[in-house]
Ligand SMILES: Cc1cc2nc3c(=O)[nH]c(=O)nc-3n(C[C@H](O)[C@H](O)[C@H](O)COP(=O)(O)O)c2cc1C
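Below sits a lone chain in structure tokens, taken as the form predicted on its own.
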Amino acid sequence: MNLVQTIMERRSVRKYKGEPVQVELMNSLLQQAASLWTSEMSSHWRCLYYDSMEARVRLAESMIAKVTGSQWGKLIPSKVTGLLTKTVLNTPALLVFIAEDAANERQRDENYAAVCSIMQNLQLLGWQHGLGMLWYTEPFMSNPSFFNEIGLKSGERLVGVLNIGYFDKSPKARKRTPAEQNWTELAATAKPTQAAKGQYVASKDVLEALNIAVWAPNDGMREPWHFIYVTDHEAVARLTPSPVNGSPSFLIVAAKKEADPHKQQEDYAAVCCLVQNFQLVAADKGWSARRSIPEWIYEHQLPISLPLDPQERIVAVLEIGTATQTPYSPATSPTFNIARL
């Protein structure tokens, strides 16, 4: 596919044609989306496919159960809950994504980031087939009726729902803020070694890739990301004493921390999608862009001083270099399964 064009042209789509979306196509696209996720991070997940009218009615009813079953639900006009139901019923197919949870924060973030990245890959691949998608995780969905419908187990967490369908017209583009406005560089004060110089990716090239990557889905166009490009040799050495690819620089991507926990989760997912876009662009350019969530992210004392706002958190650290990265081959194939309901 024309990667750059697809990333920049993809839009969140809310209105679909009545044409059905074949489960066989979705299975194929999901496998491709999973194969584009090359990381040492975990990717254990499952998803549920709702495409029959009966299944969509059941899903819609479970989603709004928290609203209709509450005391104040009687005060909400029926047209509001009716609109929510109509939206689900007029969507040809819905995919519910569920990730493994974890006892510690780092593993929990790794699991969540993996599924978010695969969902972004799916949106890009679907766009190539004329499929529009809308990713959402509304607060009212956090209710026992919905969790029971999707069979959410102990040790699992909901990542999101993708509305899917063919469409006639692409929504109008909304401008993105240039990456330069959310960019900080910790530059080297001394000349790099000849070996490092040969692998260094210039700031302008990283920014060029980021200005493609920022066309990632993000709720309310909050654009919650902050980029810190570390090229200072001593700082790089402190971040990791033995870079896997001998890379002389690191791109640290952080997310703003909204006061509302639900918005925090949405923004974390948005940054995961941006990082996945960047990795795809980097691979297309022949760079290495090894992604990780280091243990030091969760420590009170960081290896180096970083220009982070107290209301920001690091989502990913990317080891950047010009040498093509050897694809990561997990010990087992990514665990995923699509269940048609």
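Everything numeric in this text was worked out from a predicted model, so none of it was measured. Heads up: residue numbers just count along the shown sequence, starting at 1.
Quick note: we don't show the form predicted in complex with the named molecule, though the next part is all about it.
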Discussion item. Would you classify Leu134 as touching the named molecule in the predicted bound form, given a 4.5 Å non-hydrogen atom cut-off?
Written reply: yes
Worksheet item: Glu266 near the named molecule in the predicted bound form, any heavy atom under 4.5 Å?
Response: yes
Discussion item. Considering non-hydrogen atoms and a 4.5 Å limit, does the named molecule approach Ala187 in the predicted bound form?
Written reply: no
Worksheet item: Might Arg174 be said to contact the named molecule in the predicted bound form, defining contact as any heavy atom within 4.5 Å?
Response: yes
Worksheet, complete the sentence: Only one of 90-98, 231-239, 179-187, 211-219 sits within 4.5 Å of the named molecule in the predicted bound form by heavy atom distance, namely 211-219
Worksheet item: Which of these residues, Glu156, Glu138, Asp205, Glu258, gets a heavy atom within 4.5 Å of the named molecule in the predicted bound form?
Response: Glu138
